[in-house]
Each structure stands twice: as structure tokens, then as C-alpha cells.
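In the form predicted alone, a lone chain appears below as C-alpha cells.
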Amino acid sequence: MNFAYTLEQLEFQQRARDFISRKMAPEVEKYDRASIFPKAAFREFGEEGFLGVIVPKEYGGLGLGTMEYCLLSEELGRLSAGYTHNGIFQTQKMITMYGTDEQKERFLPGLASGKLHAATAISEPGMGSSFKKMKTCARKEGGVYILNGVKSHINDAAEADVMNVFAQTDQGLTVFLLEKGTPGFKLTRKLDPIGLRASPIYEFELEDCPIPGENILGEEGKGLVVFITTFNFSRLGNASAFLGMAKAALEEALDFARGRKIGETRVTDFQGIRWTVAELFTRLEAAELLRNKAATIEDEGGDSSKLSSMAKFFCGEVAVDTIMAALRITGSYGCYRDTPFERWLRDIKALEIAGGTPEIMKNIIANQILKEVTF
């Protein structure tokens, strides 16, 4: 594989960094503290084309690939993992891969432009990571499905114009596109998480909630296939946000340490610090290469399940270690709330859980490895 990014990819990444620095960074603290979705900034982000990174050109997107999505997620992660809003890209991926022509025409242009916001609703109280324990169900009545259940830990549930909701039918796990304003949808509470706060988290109820049959995404009973392929993709977004936060934290720490002296010696001249820096950059390089290999396989249409899980697990582990080390490098400077270290630290722990815990990632990796004949 080619280990170098193309010029076009690097230019896309720089454009995203410039926009995020100008339009999002000045207000990040406000939205993080209040746990509010930065709607105006994301609308403009979409108008600039960034939200349509993977949407086909015929539906108003840029028609780019997983690697560009990863670079975009990395830049958003540098600011805050709460700005990655995976539900947007998950929904785009689902509709692009499994949607009907009518669904693509209805939803993709708005999702690409920022006119529409999207969310993913899977988790439930007591469900954990087992779809077998999912209680949200849908019964068919003519051409309509009636949904009942409770969903919890759902990012952007109040803000979303369309939400992909997972529910059990007589045929098995099924994905429904729930549009804003549908009767029977009721927000029950807004949660107060430690991280990902610019992507607010809610619990909601579905009580006799009618969804037309044409809003099924993919085939009835084939929801697990939709989930696996979509989350292989979005976990690479998570891995990229980890990398973005880790790189930003290390850069911030080193900028501080280069100008900090203990007596006549700069902090970065101490051998212990230099060894730490060497170890951190080596692990970050390895994590990025793993992410890139998984993204390349995803773009080539291969099975990225093992490698995307490896990337989320390893990039998360490296990011936690890097941010903690960056805090130690800065000494007391990084321990104050007016520095970004606290936000990165809170986000890093929340993102470890979102999209599958490290333990779930290790189970997926082990299952894949043990199925293989050779290594």
C-alpha cells in the first residue's frame, strides 16, 4: 500500500483545519460546557462541503472516500470528539449503501449540505452490547410499522431531523428512518455526560410511533448487516478522532515545554522527557498506519471488521496514554480548566465507550483472528 497521503487529501485536510480553527474553535468552550449542538457552525460546515465528504456527487456530496472521512474526523477530534457527530456520517453511509433511490434523493442532499441533521438510535437501558436483549419492537399494520420502546444514550436525538432507529420485527433486527415530528416520539430526559458534550445525549420513548414501510432502511430483518458494515466504517472515524486529540494534546504540551525552563535547562532537554516524546510519537505513527490500512481496505470494498476494531481499540489506547503523558509534560499548566487538556481527557474517556468499548473491540478482533487459518 502507499503510505503517503495524496496532495488532494492533504489539501482537503488543511481546508478542514482552517475552517474548524476559524469557525468552531472560538466557541468550543461555550458548547462543551452547556452541552449544546453548534448548529450554525455545522450548517456552514455543510455548506462548505465537508459534511458531504462521502456522499456521492449526484446527491450533492464530494464523493470522496473513507480516508478523507478519517482525515476530517481527525481534524474535528483535534478540537473535541464532541464535534465528530458520527450519527451524520453513519446515516449517510447506511442510506448510500442500503437506501432506495427515493430515500437517497430525500435525505442525502440535506445531510450533505447541513440542512438536515442525523442520529443513530441503538442503545437501550439494560441492553448492553447484545442485540438479543433489544426490547424496542415494531409490528406491521398494513403499510405502516408501529414502534414501541425506549432508547438511551442517544447523541443528538433532539436535534436530528432524521434518525436511524434499530428495532426488532417478526423478521428480526430492522433499521427504520424516523423523521422529526413523527407522532409517538417523546424525549424523556437530557443526560449530562462527562465528554462528547457538543453532541448532546438523550433518552427517549417510542409509543405507538408509526413509520411508513418505505422508511425501512435495507430489508426487514437484515439490520445486523447494516449495523456491521456501517460501524466498521464509523469506528474508523472514532479512531481518527482519537488520533486528532492525541496529536493536538502532544503539540500543545511540547509548545509549552519548549519555552519552559528549570534553572538553565529547557524541559524538552531532559532525557526522560525526550524518551517519552520518542515513545509517544512512535506509537502515534503506528496507530495512524493501522488506521490507514483499515481505511484503505474499507475503500477497496474489503472486510475491514478486524482492522477497524483494531484501529478503534489501539488508537484509543494510544490516545489515552498520550494525553495523560502530555499532562505530565506540562506539569501544573495542563491541570487548569482554561486549557484544552481537560476537554480532551473527558472526551477520550467517553469516546472509548461510544461505538463499542475496548473489551468489545477485543472480542471482535479475537473472533476474527480465531476464524483465520493463517496469521
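Just so you know, these numbers come straight off a predicted model, no measurement behind them. In case it trips you up, residue 1 is the first one in the sequence shown, and so on.
The form predicted together with a small molecule exists for this protein as well; it is not shown, and the discussion that follows is about that form.
- Residues of just one listed stretch (32-40, 345-353, 62-70, 48-56) have heavy atoms within 4.5 Å of the small molecule in the predicted bound form: 345-353.
- Residue contact with the small molecule in the predicted bound form: R283 places no heavy atom within 4.5 Å of it.
- In the predicted bound form, the small molecule sits within 4.5 Å of a heavy atom of I360.
- The shortest heavy atom separation between N155 and the small molecule in the predicted bound form is within 4.5 Å.
- Contact between T120 and the small molecule in the predicted bound form is found at the 4.5 Å heavy atom cutoff.
- Checked against the small molecule in the predicted bound form, the residues G128, G213, G172, P183 give one hit for a heavy atom within 4.5 Å, which is G128.
- In summary, among the residues V226, A167, L243, I201, the only one with a non-hydrogen atom within 4.5 Å of the small molecule in the predicted bound form is I201.
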